[in-house]
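One chain is shown next in structure tokens, namely the form predicted alone.
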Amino acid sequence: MADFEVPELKETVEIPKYVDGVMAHSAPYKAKPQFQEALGFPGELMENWQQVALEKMTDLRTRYRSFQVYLDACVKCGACTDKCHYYIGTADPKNMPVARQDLLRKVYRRYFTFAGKYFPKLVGAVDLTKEVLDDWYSYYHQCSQCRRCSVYCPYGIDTAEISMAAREIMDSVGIL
């Protein structure tokens, strides 16, 4: 007969304490420009990066109707939150799928909605800044695009598609 201990089952999951900068895509772990250049990437932002990023977002909105629907439809119910293994592993509130989507949604609102253009603070819209891009870089590369969150979303929002769009926008301005 085997001799082993059965672990104690608990009613709630113990989430580890959040530690800033532990994920590989945090700023100190970016590849140096000389290594990115060898791959054909500029390694730094181009001069008119904001305009290029917004043009790319416009292109994605017009090519993929689902992209705009996903950005408009989320009601922030949080059904996806405890399904994301990155959120569970890091306990970082920005790593929740709904919060990760919101990083792009806030910029979308600022430039592509009436309320965001005229009342940005009222709807939580933000300008596209270098700090926003840094957050995108960190959090959109933490998503493995497993789509588990999408399975549990009552609206069928595909968070992986939003992550892919954000990565595509970053790529268009020289951030990879």
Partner chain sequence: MSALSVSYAILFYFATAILVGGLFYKIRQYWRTPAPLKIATTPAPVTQTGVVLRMAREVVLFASLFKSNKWIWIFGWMFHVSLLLIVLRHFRYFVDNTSMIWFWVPLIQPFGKYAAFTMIIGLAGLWTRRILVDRVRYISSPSDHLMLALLISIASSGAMMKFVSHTDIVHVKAFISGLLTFNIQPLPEDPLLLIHLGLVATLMIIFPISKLLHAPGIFFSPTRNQIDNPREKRHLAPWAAELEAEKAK
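Residue numbers count along the first chain shown, from 1. Predicted, not measured: the structure shown is a model, and the values here were computed from it.
Beyond the structure shown, there is the form predicted in complex with the partner chain, which is absent from this document and is the topic of what follows.
Though the partner chain is absent from this view, in the predicted complex it lies within 4.5 Å of a heavy atom of just one residue from Q36, Q68, Q50, Q145, which is Q68. Although the partner is absent here, V98 lies within 4.5 Å of the partner chain in the predicted complex, judged by heavy atoms.
Taking the partner from the other structure, the partner chain in the predicted complex has no heavy atom within 4.5 Å of any heavy atom of V132. None of the heavy atoms of H85 is located within 4.5 Å of the partner chain in the predicted complex. For V123, a non-hydrogen atom is located within 4.5 Å of the partner chain in the predicted complex, even though that partner is not displayed.
Contacts with the partner chain in the predicted complex, taken as any heavy atom within 4.5 Å, map within 75-93 to V75, K76, C77, G78, A79, T81, D82, K83, Y87, P93.
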